[in-house]
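Shown below, as structure tokens, is a lone chain in the form predicted on its own; questions about how it binds or moves come after it.
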């Protein structure tokens, strides 16, 4: 309680409240436009946030991250086209309800289930906070190196059917991070005598290229087919009470989101499918799933919206981002010399609590905006793809150039944009590149720091948390190899 009042003092600054409002409303609008998504928006906004205080910048990005999934449900339900990738499962039951003339009911269920999941996630964080403050100081260089290594392995293994490609992309990201001046002895690596490589490959330039510019190229080169959204008649308020009738499904699905969100590299998709499978398995009407089941819609929306708050746990407690969006937010911390990890929890708990209260406020803003403006947002969905592509292209180049007023950065971002567009066309995952760059830097710094304190490799086992992490890494690798071998044997028969 001693830290709550200072946290409220930080949060009630006008600039923070404006950032939350703009982020929440902007996130809903961006989520409602198919083809953009929070990753593109955060990539474009990232250079702008560097000029703000860290809490203002992070509130803006959190607003985009946390509220985009609310908006993404609108085209998923009205057009059978998910606004963001994580709303794909919402189309299974949301669109059939719309075809039966229940669009307002489906939207009400989606909004209230998303809000329910977000609240469960934030309450879980508040409950876990005392545990985090006690456990985080037990993480030294060895533990953080092993946690980052565990994160890289989980990111790679989470791309089922593309593990080799994801591994190659993660290694490419780690290689990119080694370009430039080495941080311990200040020697040059992989610069080939080129002065423009001496400061390394900038993470924000790569993020803007891979996420924003690549999406702009795809939007501009693709067709401009347009599907007219279904009309929304009636109020969405009446359907919101229905979520409480399915509180068991909403509660368990939110718990899946929290549990999965904490684990680096797993994310919304796994939590959604676990929640959806559980809801279908325990439902009295499983035959309705995929054909307009309210329980299926509640399960998918409550699970995906409970992930963002949980995904902040490894970032704030250990400084290890679990997925691409929190990796981008890490750049805001570093620019302002605020280092997430055990020291942040020990010395700036008011800052951490302010971030959690910001999550609560942005969800209230997003829900209020949706209830007032759903019919207006339906018109936003109708913007042609090529106009969106031109806007994304323009704002991306403005963002890249404003970083260091450098044409070279624009050229590097364009090269990564073309590379990202090719990878997307080939269905090769690009997220491991960003996580490889971020986690590779953490792994190198912590490994070299740990090597100064250990005498033999067995020293990685002499502390309880490092021993648990080593066993977890060995266990997940053995399980994955066993699963791959079993699948290979079954296909050979």
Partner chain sequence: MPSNATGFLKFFRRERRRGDFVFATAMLLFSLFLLVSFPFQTTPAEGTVWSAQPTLWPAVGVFGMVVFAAFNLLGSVLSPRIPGRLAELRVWLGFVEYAAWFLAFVLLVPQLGYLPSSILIAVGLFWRSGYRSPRMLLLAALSGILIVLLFKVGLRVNVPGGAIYELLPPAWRNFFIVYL
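Each form is matched to the other, and the largest set of C-alpha atoms that superpose within 1.5 Å is called the rigid core. Since the structure is predicted, the reported quantities are computational estimates derived from the model, not experimental observations. Numbering follows the first chain given and starts at 1.
Only in words, not in the display: the form predicted together with the partner chain, which the text now covers.
Listed stretches are 400 to 408, 251 to 259, 288 to 296, 74 to 82; the contact stretch with the partner chain in the predicted complex is 400 to 408, by a heavy atom cutoff of 4.5 Å.
Remark: residue 463 does not count among the residues lining the partner chain in the predicted complex, judged by a heavy atom distance of 4.5 Å or less.
In the predicted complex, at least one heavy atom of residue 426 sits within 4.5 Å of the partner chain. Though the partner is left out of this view, residue 189 does reach within 4.5 Å of the partner chain in the predicted complex, counting heavy atoms only. Though the partner is left out of this view, residue 334 does not reach within 4.5 Å of the partner chain in the predicted complex, counting heavy atoms only. For the options 269, 217, 365, 95, the residue carrying a heavy atom within 4.5 angstroms of the partner chain in the predicted complex is 217. This chain is displayed alone, yet in the predicted complex one of 339, 126, 391, 346 has a heavy atom within 4.5 Å of the partner chain; that residue is 391. Along 167 to 191, a non-hydrogen atom within 4.5 Å of the partner chain in the predicted complex is carried by 167, 168, 169, 171, 172, 174, 175, 178, 182, 185, 187, 188, 189, 190, 191, in order along the sequence. When two forms of a protein are overlaid on their rigid core, residues whose CA moves 2 Å or more are considered shifted, and residue 13 is not one of them between the shown form and the other one. In the core-superposed comparison between the shown form and the other one, residue 22 has its Cα shifted by less than 2 Å.
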